[in-house]
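This document starts with one chain, in the form predicted alone, laid out as structure tokens.
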Amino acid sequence: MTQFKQQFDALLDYWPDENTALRKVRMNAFNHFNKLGFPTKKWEEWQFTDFSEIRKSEYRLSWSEDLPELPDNIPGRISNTHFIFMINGHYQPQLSDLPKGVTVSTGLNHFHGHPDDYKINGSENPFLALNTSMMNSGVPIIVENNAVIEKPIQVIYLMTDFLEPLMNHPRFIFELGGNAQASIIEHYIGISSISHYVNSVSKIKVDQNAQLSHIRILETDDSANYTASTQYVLGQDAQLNTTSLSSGGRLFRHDIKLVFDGLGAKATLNGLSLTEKAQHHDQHVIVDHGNDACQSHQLFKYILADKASGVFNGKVVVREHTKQTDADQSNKNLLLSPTALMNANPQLEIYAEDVKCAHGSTTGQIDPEALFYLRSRGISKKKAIELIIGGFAKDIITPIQNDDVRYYINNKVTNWLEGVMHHG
């Protein structure tokens, strides 16, 4: 913990004239983080993940001197998107391409108008407290009421070309006004053999009758550690479709919480996690049904190779006195190696009677009958396995409505699979 205290003090020194109210929020958050400490295996919600490497590593915050030359070709750029770019935590507004109806402000300006968005509210998640104390990057993105944004807005957060272990704590705010429609791609990329740590928090508000497609992509090298917290609040009749793809990284922990803040809202949450070597991906999802006639549908899939491990812990909570709730949750996992490990724990907490809820989890290996069928049709074993795994991932990729985004993610999955098959 000592190095985190040193970096926190360095941050306060770096911005000595920072807004007094914001500084107070930082200090209270760091005290809360210090009190909680890093999760241990004794914490029930964190028991399958080892955070000791993050706790022991000598990460330092990224400063202005860590801004490298901008690459000629920005990795991960998807065709036909509006664009927001950050490199090593540094926002590059000169490269931004924003449509009418969308504004990006500074974090300080947003904090002045929306201080409640920066409260921890007693959360026992130490990484939320750590982010709030050290938030040093990220931007608020506001979509105006009634704005219909035709092309996706892609936010690339790139870590590359640094000389010693760095960490960043980005805070993103995405807000869709009433009746607005937009797609946002939150894209984290790490390209470095030097270890780095990104601890992000994204707070996403979808107002009445608004529609958001939120794509979250993580692709990084084995030396990286990522923790993330994503919080959704849906207003009346709001619609949310999310797709997450996580690939690479030594450690990835993602906490997702969705709250229905109005009647008749709908949410679909899909996720695909690709792990190999000794990588570990841990995702916790809480969907809180506190209003009538809301629907939630979850499908999270993991593909695990080598000695990789995964955790899926999903909880659907249906509050007392709510009516006409429709919720289902599914977790399916494919083990490509006898040494891969998956821990799955789907849960339902139902305190009302007028509900339609279902949940389930399956973990298995490649179906030998399916493999035999394809081989009997003259297809090589390697190609047959690729076809089976590709079919397993299809349920996550196919629903993505934007052709360019779907093509990008499909290529990433295909390339990952070819790499696993090659060294396997």
Partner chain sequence: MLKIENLHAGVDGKEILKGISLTVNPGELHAIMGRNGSGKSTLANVITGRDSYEVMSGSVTYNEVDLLELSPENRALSGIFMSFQYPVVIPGVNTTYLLRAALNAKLKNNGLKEINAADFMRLIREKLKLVNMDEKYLSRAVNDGFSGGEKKRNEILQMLTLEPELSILDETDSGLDIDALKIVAEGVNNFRNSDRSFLAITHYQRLLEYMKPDHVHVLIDGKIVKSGDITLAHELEEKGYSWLES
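Residue numbers count along the first chain shown, from 1. It should be emphasised that the depicted structure is a prediction, and the values quoted were computed from it without experimental measurement.
Not on display, but discussed next: the form predicted together with its partner chain.
Worksheet item: Is residue 392 a contact residue for its partner chain in the predicted bound form, using a 4.5 Å heavy atom cut-off?
Response: Output for residue 392 is yes: heavy atoms within 4.5 Å of its partner chain.
Worksheet item: Does at least one non-hydrogen atom of residue 381 fall within 4.5 angstroms of its partner chain in the predicted bound form?
Response: Heavy-atom contact with its partner chain at 4.5 Å: present for residue 381.
Discussion item. Residue-level question: is residue 63 within 4.5 Å of its partner chain in the predicted bound form, judged on heavy atoms?
Written reply: Looking in the predicted bound form, residue contacts with its partner chain do not include residue 63, since no heavy atom lies within 4.5 Å.
Worksheet item: Any of the heavy atoms of residue 369 lying within 4.5 Å of its partner chain in the predicted bound form?
Response: Within the cut-off, so yes.
Worksheet entry | Stretch in contact in the predicted bound form with its partner chain, which is absent here, among 355 to 363, 369 to 377, 35 to 43, 51 to 59 (heavy atoms within 4.5 Å) | Looking at the other structure, the answer is 369 to 377.
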